[in-house]
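Heads up, the chain below is alone and in the form predicted on its own; it's given as structure tokens.
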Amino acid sequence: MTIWNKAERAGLYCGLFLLCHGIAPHLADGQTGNPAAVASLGKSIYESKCVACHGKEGKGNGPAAAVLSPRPRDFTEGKYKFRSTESGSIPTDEDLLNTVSVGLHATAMPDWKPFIGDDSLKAVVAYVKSFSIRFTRETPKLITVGGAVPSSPASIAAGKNTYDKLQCGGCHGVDGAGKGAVTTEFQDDWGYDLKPTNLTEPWTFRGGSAPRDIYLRFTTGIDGSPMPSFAGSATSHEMWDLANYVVSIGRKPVWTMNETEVIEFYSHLESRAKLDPVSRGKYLVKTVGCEFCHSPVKEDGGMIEELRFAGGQRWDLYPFDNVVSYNLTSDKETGLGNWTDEQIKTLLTKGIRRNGSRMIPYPMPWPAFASLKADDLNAIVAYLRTIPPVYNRIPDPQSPNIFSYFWGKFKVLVLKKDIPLHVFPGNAGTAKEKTMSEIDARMRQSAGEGRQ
């Protein structure tokens, strides 16, 4: 059985970023026109730097994929979001090269250009294209970019009218930040949660924040998401005006604010959070990374997604405990369904279990949560109540004998040894038979794909 220690677990999810500082292989002189050499190089770089997120078969199911938002692209479908081509069309090589080179802001996709040479980047693009047969059967359908309209008060006012005409506020809000939106909860074509872009924060625009970048998003749409193409619904001039309007509503970033502005900004955020505690709680839970520990993992360290938030991840914390993470779903028999709000808060901020025993402050960092504001604690509980029930009975912690305990403490306190943390793959809880059969089938499928 594979055992993931603390360093290995951290390395798995941070590896993508650490690897980008390494030296990538490159083509030797005279090999740039050699298809076999290009294919070999692209495959080599992909397998060393991209597999952790996108998976060996390019299906967007690498070991780190389940904890990333948005999810990594599934290359096998040939469906890409950021393009200069018509809605539904495959992208150009330049589109793909741009994404790989400059990355996607506000996502886990980094910019590789500082670390990988141009020939290597092109080789990676060629290898990524090999995952989808669409690139051998179709030709990219380029859009025509109309003449740019310079930004001006008149253009911005016209863009606001276009914003209203195209009903952009239904998703992005009347202010571009979600105010008055019909809904802010969506799913992409793969069934994963998706939020509309906050148009007042241009540094998070994944396809770029220049007027031309924004114009392209209106014209091409974002395939795989609810964002449609407005080609045919507005003229080129109107979409340039709209791009100028979106640029104009970009707010001042925090790192350029003075003290008064920072206080006012966060006071405003706090007021909005009180109006929607569930969304606030979801944000906090996702940011802290609760699902990282409260979901069991496979042999490769990837999450068993059928048991997301259902606990079952086992740790050996010698000399203290051998524990299994709690089921955080709303299941009344094995999860938090029968816990009171106060019991959840007490566990979260004091480490005290329902039976009165106290957890050590590792790996559950309850001392770090002890100073959470009451509103944030209430928000976390409110969100946890919304997680659908998943049956997964978690065993009680197992403590070592007294001799092992004191010997372990001696090594830590006197010999200055690190507190060990070993993470075991598989579900250490007891799930429903149907759930386990689904998990077993999924894991066999994944193992088969890995052998291909």
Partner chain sequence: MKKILKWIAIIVGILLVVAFFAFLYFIPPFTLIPPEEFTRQTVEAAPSLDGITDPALRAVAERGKYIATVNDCSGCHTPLGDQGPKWDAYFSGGGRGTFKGYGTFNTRNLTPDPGTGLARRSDEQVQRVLRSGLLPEGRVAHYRDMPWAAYSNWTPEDRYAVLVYLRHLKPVAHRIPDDNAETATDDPTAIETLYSLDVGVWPDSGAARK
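We call the rigid core the largest set of C-alpha positions that still match within 1.5 Å between the two forms. Keep in mind the model is a prediction, meaning the values are calculated, not measured. Numbering follows the first chain given and starts at 1.
The same protein also exists as the form predicted in complex with its partner chain; that form is not shown, yet it is the one meant from here on.
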Among 165-173, 118-126, 286-294, 231-239, which stretch has residues with heavy atoms no more than 4.5 Å from its partner chain in the predicted bound form?
286-294
Residue (of 247, 177, 372, 158) lying close to its partner chain in the predicted bound form, criterion heavy atoms within 4.5 Å:
372
Which residue, 213, 376, 321, 306, is the contact with its partner chain in the predicted bound form, using a 4.5 Å heavy atom cutoff?
376
In the predicted bound form, does residue 39 have a heavy atom within 4.5 Å of its partner chain?
no
Quick one: does residue 418 come within 4.5 Å of its partner chain in the predicted bound form, counting heavy atoms only?
yes
Taking 4.5 angstroms as the cut-off for heavy atoms, does residue 220 touch its partner chain in the predicted bound form?
no
State yes or no: in the predicted bound form, is some non-hydrogen atom of residue 107 no more than 4.5 angstroms from a non-hydrogen atom of its partner chain?
yes
Would you mind checking 254-279 for residues with a heavy atom within 4.5 Å of its partner chain in the predicted bound form?
254, 255, 257, 258, 259, 262, 265, 266, 269
Kindly check if the Cα atom of residue 420 is displaced 2 angstroms or more between the shown form and the other one relative to the superposed rigid core.
yes
